[in-house]
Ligand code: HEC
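Just one chain follows, in the form predicted alone, and it is written as structure tokens.
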């Protein structure tokens, strides 16, 4: 296990233990979003590139993911303890807070022409823009993909494909119908937007 993962797991365990022992801890929105920023980045840029950018992400999407972590529909050993004490209003407020932040620029390069062409061909086959919209900005409960880290995109696609992420069966079907090489090209292409 990497040091980053161990630190996140320990933080989640400590946070969950403290919250259950002291209901007054992290009760304000500011305290809750500060805890989120511990992994997702104080400036919106997560240090661990397999952690998603949530600054500027769609509020509806953030809320649904928090809800799914709380329910156990989406599995993550760090997130589940973090959101276990959140009520619906907490999750809505956190989602709105981060949605209002500016999307950070990770400075990821555009892919080479051959990779971009492969990604665009795959996108036409899969139909990503039918939900994620033309510029991959997302809307409402559909996430923005443009500018997300290539590592997170690749991990998420692989997780849908392996069914490790099961909170969106439609995405699992699409990822299974797309070759790993096409998914890799899509991750590089989307990251460079």
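As the structure is a computational prediction, the values presented were derived from the model and not from experiment. Positions refer to the first chain, counted from 1.
Heads up, the form predicted in complex with this ligand isn't pictured, but that's what we're talking about next.
With respect to this ligand in the predicted complex, the three residues 145, 155 and 175 uniformly fall within 4.5 angstroms at the level of their nearest heavy atom.
Contact annotation: of the candidates 32, 161, 45, 70, the single residue with a non-hydrogen atom within 4.5 angstroms of this ligand in the predicted complex is 32.
Although the partner is absent here, residue 56 is not a contact residue: none of its heavy atoms lies within 4.5 angstroms of this ligand in the predicted complex. Contact annotation for residue 78: at least one heavy atom lies within 4.5 Å of this ligand in the predicted complex. In the predicted complex, this ligand sits beyond 4.5 Å of every heavy atom of residue 28. Using a 4.5 angstroms threshold between heavy atoms, residue 74 counts as touching this ligand in the predicted complex.
Interface residues of 83-118, taken as those with a heavy atom within 4.5 Å of this ligand in the predicted complex (partner not displayed): 86, 94, 98, in sequence order.
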